[in-house]
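Quick heads-up: it's one chain on its own, the form predicted alone, in structure tokens.
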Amino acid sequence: MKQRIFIFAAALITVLASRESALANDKCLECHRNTEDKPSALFLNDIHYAKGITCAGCHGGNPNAEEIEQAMDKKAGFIGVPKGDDISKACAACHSSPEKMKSLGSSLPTNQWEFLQTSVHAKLSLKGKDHIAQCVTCHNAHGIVSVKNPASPVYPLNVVKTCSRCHSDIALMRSYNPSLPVDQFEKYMTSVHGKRNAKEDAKTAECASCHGSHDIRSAKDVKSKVYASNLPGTCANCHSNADYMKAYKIPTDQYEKYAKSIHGIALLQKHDAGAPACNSCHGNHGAAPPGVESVSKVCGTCHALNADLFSSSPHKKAFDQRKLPECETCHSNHEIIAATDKLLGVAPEAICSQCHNENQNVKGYQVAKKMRGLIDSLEAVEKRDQELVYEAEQKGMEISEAKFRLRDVRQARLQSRTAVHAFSEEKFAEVISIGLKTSASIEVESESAIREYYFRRIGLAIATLIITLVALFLFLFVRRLEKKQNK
């Protein structure tokens, strides 16, 4: 064991000594330091300098040559200052080589250049000759430090400002994508994440947390981390991690609940990209939980009619007085279940019964009971009409008009689920009555068709009997004539 430690220590000393020797003989750095230029000063704090990489590692040439002509000889591989994609290619020469990175004692992934080439930043720049962004765009050219170093431009507390250098530049962004907002930074600083980031909480989400780093894709790209169906999972990376979120004292079961909700099923199982995701309610860059007063406004962006009806309902004032969130109180927030008729009424499972009973808020109890009775009546007659129409169809009767009007009955029942948000017995009964009237006409027409069927069957039977008797009479009459002729 001691022998292994000795061998490892000796190897480490040898590597360090060789790096120190290489840096000590780096005539490029020595010359540039004598001129007191900024790049050489920055390079002394660079992670590459710490790893023993000389100026020639990126710029080529002979770092040991005394004369400038020899040091900058192209035959020695001197490339000078890389331009355009050559910058990232120079970085990739090491960062895409597992062997090279291992020899430098680095555990960094070696697929950053591969990711960058497939990212949105890989599109052509305005010059049309190279990528929009190069490695140095975000990491700097000299003075590059680890992402874990607070001095790094891509350190969690700095990366937002780094991204905003381009994304807040109106002229620049208009050249690439005029429809892309340029106020993301300002919005982010108003969010819960942004406020915590400003207080130097490096754990909170920043640009790379949601969009990725080297593999950033357009939000419309199905492989993007912020694509509609991928977004809940992206948020869950932090918000479902109990250990990570422990200090913030907020639930970590939001994703689990959302996945079981009507919104989650539509998005994650049925792949309906128009279904609400986390950002639909919380916002994107300005992400924050909607306040009690604004819950209905958030839900109302999709459920506009429901929100309008509720605003004029008696519950509006009651909810405001008790400081209850409007939609969320009855429908929950993340685990929103499908709205069924069971939610209405005074049964134990009904939402109404949570506040209304025979002894408390009696008027609401009575209204809820009547409304449930009305919708049950409509559902019953709709079912009866479906059976009558089906029976008439099976008997071969023309019943297409009544069958078409069944849609109106169903529509009235669906509209009643919206009308319930007005919490007005009169308005609710008005919608139900339309369905009941339509149902009554369907019942009359269907039963008439069925009666006609039986009338026709009876008429056919009588006619058949008469024809049979006439035929039998004729048969007997003919036989009698034949017998007389034979005599």
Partner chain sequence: MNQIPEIPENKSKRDFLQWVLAGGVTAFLGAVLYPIFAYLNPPKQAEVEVSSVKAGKLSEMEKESGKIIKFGTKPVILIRTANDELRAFSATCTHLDCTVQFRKDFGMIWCACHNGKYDLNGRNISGPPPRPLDEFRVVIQGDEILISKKT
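Positions refer to the first chain, counted from 1. This one's a predicted model, so the numbers in the text were calculated from it and none came from an experiment.
Another form, the form predicted together with the partner chain, is not on view; read the next lines as being about it.
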property	result
Which of 95-103, 149-157, 411-419, 190-198 lines the interface with the partner chain in the predicted bound form (heavy atom within 4.5 Å)	411-419
Lys203, His142, Lys89, Lys403 - the one with a heavy atom within 4.5 Å of the partner chain in the predicted bound form	Lys403
In the predicted bound form, the residue from Ile337, Leu305, Ala242, Leu108 that sits within 4.5 Å of the partner chain by heavy atoms	Leu305
Contact label in the predicted bound form: Leu460 to the partner chain, heavy atom within 4.5 Å	yes
Touches the partner chain in the predicted bound form: Asp130 (any heavy atom, 4.5 Å)	no
Lys257: touches the partner chain in the predicted bound form, heavy atom cutoff 4.5 angstroms	no
Heavy atom of Lys395 within 4.5 Å of the partner chain in the predicted bound form	yes
